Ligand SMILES: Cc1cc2nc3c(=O)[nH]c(=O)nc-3n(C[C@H](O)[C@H](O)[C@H](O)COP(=O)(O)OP(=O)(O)OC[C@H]3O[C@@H](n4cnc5c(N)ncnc54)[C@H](O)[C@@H]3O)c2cc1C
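Before any questions on binding or motion, here is one chain by itself as structure tokens, the form predicted alone.
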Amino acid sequence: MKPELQHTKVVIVGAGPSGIGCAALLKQMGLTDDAMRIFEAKQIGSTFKAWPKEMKMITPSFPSNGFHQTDLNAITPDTSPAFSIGKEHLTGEDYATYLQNVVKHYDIKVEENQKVIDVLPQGEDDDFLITLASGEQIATQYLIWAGGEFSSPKKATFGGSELCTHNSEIDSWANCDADHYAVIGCYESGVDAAYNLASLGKKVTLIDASYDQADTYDPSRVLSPYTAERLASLVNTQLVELEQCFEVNQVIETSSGYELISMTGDRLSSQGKPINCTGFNTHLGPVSDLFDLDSEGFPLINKFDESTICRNLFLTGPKLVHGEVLLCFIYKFRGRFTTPCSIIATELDLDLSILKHYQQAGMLLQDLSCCEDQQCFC
């Protein structure tokens, strides 16, 4: 027997920081549990639990909320992972615990192990018909996509990439038993891989496709200070060799391990499976056809963080881009939680007074021109 069609006002897909952040704000605006459903394909914070055991957040946490200086990794003005976990640089497991604490504090009803497999816009009202893997169907007026990116690693970026191990597949660097590894990619995850392998006494060839960093201080485009400091600390270890201007074209298996061939024909070796740290794709799943993409593969959105081709479908999370501004860190994209939530709250006649609190906490980002230029003098 086909399950009865369920109705709600808002559906949020994903229970990571962006999904939980939007849900917490909507609850504070007065949206009731029967008017909002949050679906998570696995468990709350499962993306962070899947990080390598040794990986830590590159943005520091500090419990300075009382001085209107919100913890960089907090997703609401009144919480702080530094306060609840007691660490400055949290592991993935730590941050998943923080997200669970937020869910408990705001009494957010997250439906775990509920994968959304189909999203179909409906009729003139632009409602959506959501289908779950369980067969249940839900009709909703608004859809916030908070699917993140960790479940869509960039793997097939060069020939022989299937011979490599993507860093998202690493449970712990302690399980890497070879004496030498080539690490492909010199951004945050690549340096993290090199740092942790070297800490275990492994030799590492860290491969950077470019030579110089971009002319910007934006950590969305260049190494964060935390990562740059770790990279500098590897210089004198004699365990890590930085190979720049080596764009990997192909990886082949040899009798002694693996060989990496560049676009110009240069060659490097790796005793263990090369570690692929080339990043992640946008994870849109069943809403892939409901977003247009820009030339770099980012979803196109209007000034309300809404799909340019499908009304009432909003995007939140690390693939949020406005012009040249990439809002890929928590402290960046959390400033946009208020954007879709304000529209939903206005149309549903909810309480908008909480926005003043978010603004005081620096979590209401409307004028993106402030993000375009570096404004520090020294």
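Counting begins at 1, following the sequence as shown. Note that the coordinates shown come from a computational prediction; the quantities given were computed from them, not determined experimentally.
Omitted here: the form predicted in complex with the named molecule. The next part is about that form.
Residue-level contacts in the model of the complex: of 291, 106, 280, 298, one residue has a heavy atom within 4.5 Å of the named molecule, and it is 280. Within 4.5 Å of the named molecule in the model of the complex, a heavy atom is found for none of 10, 110 and 340.
None of the heavy atoms of residue 276 is located within 4.5 Å of the named molecule in the model of the complex.
Contact between residue 150 and the named molecule in the model of the complex is found at the 4.5 Å heavy atom cutoff. Contact annotation for residue 272: none of its heavy atoms lies within 4.5 Å of the named molecule in the model of the complex. Of the heavy atoms in residue 43, some are within 4.5 Å of the named molecule in the model of the complex. Only one listed stretch (344-352, 26-34, 48-56, 306-314) carries heavy atoms within 4.5 Å of the named molecule in the model of the complex, and that stretch is 48-56. In sequence order, 15, 16, 17, 18, 19 are the residues of 15-33 having a heavy atom within 4.5 Å of the named molecule in the model of the complex; the partner itself is omitted from this view.
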